[in-house]
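Here we start with a single chain on its own, the form predicted alone, put down as structure tokens.
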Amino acid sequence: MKQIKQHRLIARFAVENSDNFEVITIFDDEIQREKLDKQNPTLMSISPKYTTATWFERKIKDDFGIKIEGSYDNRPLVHHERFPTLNPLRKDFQDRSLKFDDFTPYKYEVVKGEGVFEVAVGPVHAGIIEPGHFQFSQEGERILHLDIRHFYTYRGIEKSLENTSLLEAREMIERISGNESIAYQLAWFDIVLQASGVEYDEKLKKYHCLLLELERVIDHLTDLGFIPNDAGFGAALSFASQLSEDTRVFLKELCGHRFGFGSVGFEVKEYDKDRILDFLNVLEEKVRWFEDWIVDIPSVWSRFDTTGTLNKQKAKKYGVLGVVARASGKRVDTRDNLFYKKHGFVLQNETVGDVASRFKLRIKEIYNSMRLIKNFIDEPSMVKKPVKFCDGEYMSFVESSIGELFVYVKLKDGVIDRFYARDPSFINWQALYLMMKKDIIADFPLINKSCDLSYAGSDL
């Protein structure tokens, strides 16, 4: 029997036009559009076929007041217990602030049964971290179910960017998620070039990709410290954090900011090629020492192996992205193209899909990123800063350290009419509970950190 290929769902979001609402659904090989009547907007859910459509549709309902039919989960997503009864992305909403409404309890998904109890973790955590709530159903130490709730810091980014120019929008876009600043800037820059018709100079592109790979190295190094730390080996955190900090300081030396803010622009800043090569050679030597060190610690791998497993079938069903996908044997990486391959890109994979796989994959990707950075080194270059942008719809895809991020911009009368960003975490958060099914609650921090998902990136 011939197997029918299922599209990969990338994003599903709404746009308000003068006479209708339009729901745009982006798949890996097609775009679908549905126009809805403004008086009684109703949308049929695709969540029975595409599981991760659930959060997209809940967000559409909260943002625009569009009724969703046929979904198994119609709870609010970004509307929390005292969120006012309004839809902030409608054009007629112009208030500068929100007034709290009466408290409405949120109904968590929990497992019932004899001996089953609930454990609430968050939304406030014992660390410098955005708010996020995790509601566990437990039988002793064993996790039966996990219900995740985020979106506590509704920042109004989509609304705030309306009626701004593309060039003005960069400072907000680059701050959507701190560990993906350069990735978001690259998505913004791609849309700037599309809307202006300016060609992407290859030397400038190489410089931007060099910065992107350096950001990936920083984030992966951070994770390589935190993952063993959550398995009880704090020395790894100290060592890897030093490597990560050294690389972040080097990023500032290269582009002027620790997080790369303002680094993706229309010209290549001058840099010392030999300094980059020397830094990378020293870093690679230290990473290889770190790898040899960790590999020889059985107690760490006893916690890593078979913990938090996401098999390839479930990874495909949920359309997961980035390291989470590739550690489960799924070949998905926006960098898998001719430009990147020409400069030494090799798509890295593991197959088991557990914490160990995600840890080992990050090490592989660091080596590949360092090789890419060396090959991206080139002469200074620039493109002319555009002054005019054509109205229309523009989309961009960039492989951040977490996975493929997607940005959509609709320009009307020369300014942004609709801005939408789908962080890879928005997809991967929905699959996290699948990794908990056979593990104990003490493994939750370890599994969660091995995925390195962004709270801020999802909470626009």
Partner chain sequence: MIKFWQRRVENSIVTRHLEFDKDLEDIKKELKSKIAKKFAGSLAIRMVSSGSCNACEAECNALSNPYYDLQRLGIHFVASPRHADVMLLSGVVSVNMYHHVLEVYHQMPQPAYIITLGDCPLLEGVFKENFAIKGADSLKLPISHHIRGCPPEPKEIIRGLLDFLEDFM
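Positions refer to the first chain, counted from 1. Note that the structure is predicted; figures quoted are calculated from it, not measured.
Below, we refer to the form predicted together with its partner chain, which is not included among the displayed structures.
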With a 4.5 Å heavy atom cut-off to its partner chain in the predicted complex, the contacting stretch among 192 to 200, 339 to 347, 171 to 179, 138 to 146 is 171 to 179
Answer yes if any heavy atom of residue 130 is within 4.5 Å of a heavy atom of its partner chain in the predicted complex; otherwise answer no.
-> yes
Might residue 78 be said to contact its partner chain in the predicted complex, defining contact as any heavy atom within 4.5 Å?
-> yes
Are any of the heavy atoms in residue 208 no more than 4.5 Å from a heavy atom of its partner chain in the predicted complex?
-> no
Mark residue 266 yes when one of its heavy atoms lies within 4.5 Å of a heavy atom of its partner chain in the predicted complex, and no otherwise.
-> no
Heavy atom within 4.5 Å of its partner chain in the predicted complex: which of 390, 277, 235, 119 fits that? Just give me the one.
-> 235
Using a 4.5 Å cut on heavy atoms, which of 292, 109, 305, 272 is close to its partner chain in the predicted complex?
-> 292
Site check 91, 315 and 458: each within 4.5 Å of its partner chain in the predicted complex by heavy atom | no
Heavy atom contacts to its partner chain in the predicted complex at 4.5 Å, residues of 153 to 178 in sequence order | 153, 154, 155, 156, 157, 159, 160, 171, 172, 175, 176, 177, 178
